[in-house]
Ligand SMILES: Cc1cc2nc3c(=O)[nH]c(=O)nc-3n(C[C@H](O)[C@H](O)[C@H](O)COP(=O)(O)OP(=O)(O)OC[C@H]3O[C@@H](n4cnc5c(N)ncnc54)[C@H](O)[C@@H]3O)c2cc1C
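As structure tokens, one chain now follows by itself in the form predicted on its own.
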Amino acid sequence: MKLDQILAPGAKFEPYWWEAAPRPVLPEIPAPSTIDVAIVGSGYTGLVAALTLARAGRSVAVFDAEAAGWGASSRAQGHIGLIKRPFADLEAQWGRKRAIALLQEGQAAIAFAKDLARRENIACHLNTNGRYIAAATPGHYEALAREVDTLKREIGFNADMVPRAEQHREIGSDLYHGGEVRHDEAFLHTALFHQGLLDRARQAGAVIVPHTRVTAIGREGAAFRVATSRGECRAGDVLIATNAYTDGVAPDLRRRVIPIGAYGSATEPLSPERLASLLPGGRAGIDTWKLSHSFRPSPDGSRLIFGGRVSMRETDPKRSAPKLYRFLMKLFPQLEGVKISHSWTGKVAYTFQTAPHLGVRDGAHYAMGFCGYGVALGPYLGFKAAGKILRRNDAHSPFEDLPFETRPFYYGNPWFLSATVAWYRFLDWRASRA
């Protein structure tokens, strides 16, 4: 399938979300020479930390090598969901008590993100209608049902199963074998959410310094010397909030996160009736393949937005678009002839334990490794990191108790990614034939 056959007139190779919230052009101001807290990264994590610190009376500067929010915070699909680790896996690795604590913390992150959007009155099309987890195989459906029973018992999880015979009330496709509705999960307009947080942080007094790369962070007595492409800054504390975009300025952290490409597309406008026939429940969703796919209605109800991992190696949106389109036709063959208006890519950060991390390394605070659920975890752990800097008694998180692992010969370039994707494809193929 050729690219020109699937593109709508005027198609763009940038996030659909930028239509309503283009990357902001901020006033060019001098980078501060002295600050209480320097934050590296202006995504959800950095901005929520900045907002929290500024309102507590700290002077804050947020540095970013690109425009504010240029990374995943304005590219993600906007799903607010629970970390993707079965209870049994967490229990086997860390024990029942810690497994419960981690999942409860994930639920707290979901509640925090929803409450943050409401409390700050951010017009980001927050939809609290829940999310649908589509079972790719009968075996996956059975595993979901067991997991729902376990999570209801262990953490009071609010979810229900939808058998295949009833799945058309959630999705107008026969590709799946039923699924699960998670009632407390949500979704929003990712770039408008970011814009709202950016506005609130600036109003609180945080200084945002975009297009300014941090090139070195060094100790200077009890404080830090932060070197940037526009000069040096002395800071009392530092927070590194770069997630998948962590670079050589924090080499030890870079070794502990795995940047992975995530690809998204949006259809040209559909009639409200046609979109409702595809997603009758009006929910965002994701399937259970190892190489999973996501789908959701656009906030204005005019388009279907979908995404997934489509390539053995990282690629660009012109190459990912035809691959995503093939999945779209498999999922919704009734959309034959509908074209793509937007195709884009971004990066998410996984960790070797498939769990987020919060902590302090060489004196600098960090929060990263959100494993595809940064819309919930990014704001929440930004808030927690700010609490640690402020030395609040309620700032502890179970995610800071996890050892932040790396692997020999890994320095931030995931040379093993192609082999991992190939293995996951094999597992998906085997599951489909079981």
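All values reported here derive from a predicted model rather than from experimental measurement. Note that residue numbering begins at 1 and tracks the sequence as displayed.
Note that the form predicted in complex with the named molecule isn't included here; everything after this is about it.
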Report task. Please run the contact check for residue 200 against the named molecule in the predicted bound form: heavy atoms, 4.5 angstroms, yes or no? Result -> no
Report task. Flag residue 50 as yes or no: does it have a non-hydrogen atom within 4.5 angstroms of any non-hydrogen atom of the named molecule in the predicted bound form? Result -> no
Requested in this report: Classify residue 346 as contacting or not contacting the named molecule in the predicted bound form by the rule of any non-hydrogen atom within 4.5 angstroms, answering yes or no.
Outcome: yes
Query - Heavy atom of residue 161 within 4.5 Å of the named molecule in the predicted bound form - result: no
Report summary line: Answer key, the named molecule contact in the predicted bound form at 4.5 Å (heavy atoms) among 135, 364, 328, 214: the residue is 214
Report task. Quick one: from 257, 358, 113, 241, grab the residue that has a heavy atom within 4.5 Å of the named molecule in the predicted bound form. Result -> 241
Query - Interface stretch in the predicted bound form with the named molecule - options 34-42, 392-400, 405-413, 53-61, non-hydrogen atom within 4.5 Å - result: 34-42
Query raised in the report: Since the partner is left out here, which residues of 48-85 would have a heavy atom within 4.5 Å of the named molecule in the predicted bound form?
Result: 63, 64, 65, 66, 70, 71, 72, 73, 75, 76, 77, 78, 79
